[in-house]
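One chain comes next, on its own, written out as structure tokens in the form predicted alone.
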């Protein structure tokens, strides 16, 4: 593939030069997506703080400073490395450095769902890749399309109700600084129901820029419940994009808990494309040190009689920064929309920062939509009440913060997962 490089950004130029070697390896990605990816990267480059949507999250600066190439050496992992990360009451699947790892994954113990590496897809399945997350819409999606690893395609069959969750463990394990592009496509067929847990880890010794893209298609009357647990360490900079399409009478719920990671950017875009469908997005983050967590959500109400709910909570300490930017978009024909959005935050130091921007963009006239945000410190009256009853200052603060977070943690309807998250939450505090 011949690529014309015409950009002022040294970061983009380096990536495009590497793309000449890499593009031929992405067998499952449609050619037009590769072309669109190249054009977008040439035209707009990698986002920096001059881009309105990335004003608090300078991705170009991170890549320029820390990462020079997308192909590096990796640590070999064993079953012993994976064992502590598994959930006992789930089917555990493993993705290592962007590639679905069949040997480390468990054999399927329930029927009626199929999972395949992207390179092994039949033409009908290949046609679905990039049908939701398109390269021409976002530079990070374009970067993923051009450099993506051999992720997976997961399909839940029509009318199937899976009796146990599917747990997907994403692991980065680089020996040196590297960029990992992970991709998947999850299709929940008509009348099917499934719970999916997605956990993210860095077990390597090098810094990682993780660029994750997930396309989720939920057919009529289907139900997809997702729990996303982000526990990558201070060596990890990550951008995570979920592009979701929800059809008639379907239900999509996602709860994202961000408990570590030097920089975490979450893009969650949900399109409500069939009447009487529903979507709920929930998030909890805790930041410390110089950490940045940036949550951007978009719920696009395209048709009438749909509902959406959003609840995000954040705790920021030290010199860290938390961001919530959420938009509810109601199109002209989306009458009878019911949409609710809330962002609540606590600052634990004078040097910490929370930036919130809830938005409503409404073009229909028969709707019920509301949004709100609040940011403050720990309730001093509640703190005094606990201390007056013999509870020490540190423990009293921890109790109040756990009570603040518990509403989100309770949404994890898997007991062992709740216990794991509570332990990680206390550790982050």
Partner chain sequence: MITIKNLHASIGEKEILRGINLEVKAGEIHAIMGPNGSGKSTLSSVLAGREDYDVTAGEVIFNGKNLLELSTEDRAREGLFLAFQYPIEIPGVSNINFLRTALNEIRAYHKQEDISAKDFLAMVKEKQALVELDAKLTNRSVNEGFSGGEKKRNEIFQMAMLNPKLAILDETDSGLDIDALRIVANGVNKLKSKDNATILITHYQRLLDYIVPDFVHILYKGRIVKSGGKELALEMEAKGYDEIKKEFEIAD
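Given the structure is predicted, the values throughout are model-derived calculations rather than measurements. Numbering follows the first chain given and starts at 1.
The next section is about a form of this same protein that is not shown, the form predicted together with its partner chain.
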(message) The chain here is shown without its partner chain. Which stretch in 44 to 52, 389 to 397, 369 to 377, 356 to 364 comes within 4.5 angstroms of it in the predicted bound form, by heavy atom distance?
(response) 389 to 397
(message) When the contact criterion is heavy atoms within 4.5 Å, does residue 35 count as touching its partner chain in the predicted bound form?
(response) no
(message) Is it the case that residue 381, even though its partner is missing from this view, gets within 4.5 Å of its partner chain in the predicted bound form, heavy atoms only?
(response) yes
(message) Although the partner isn't part of this model, could you tell me whether residue 385 comes within 4.5 Å of its partner chain in the predicted bound form, counting any heavy atom of the residue?
(response) yes
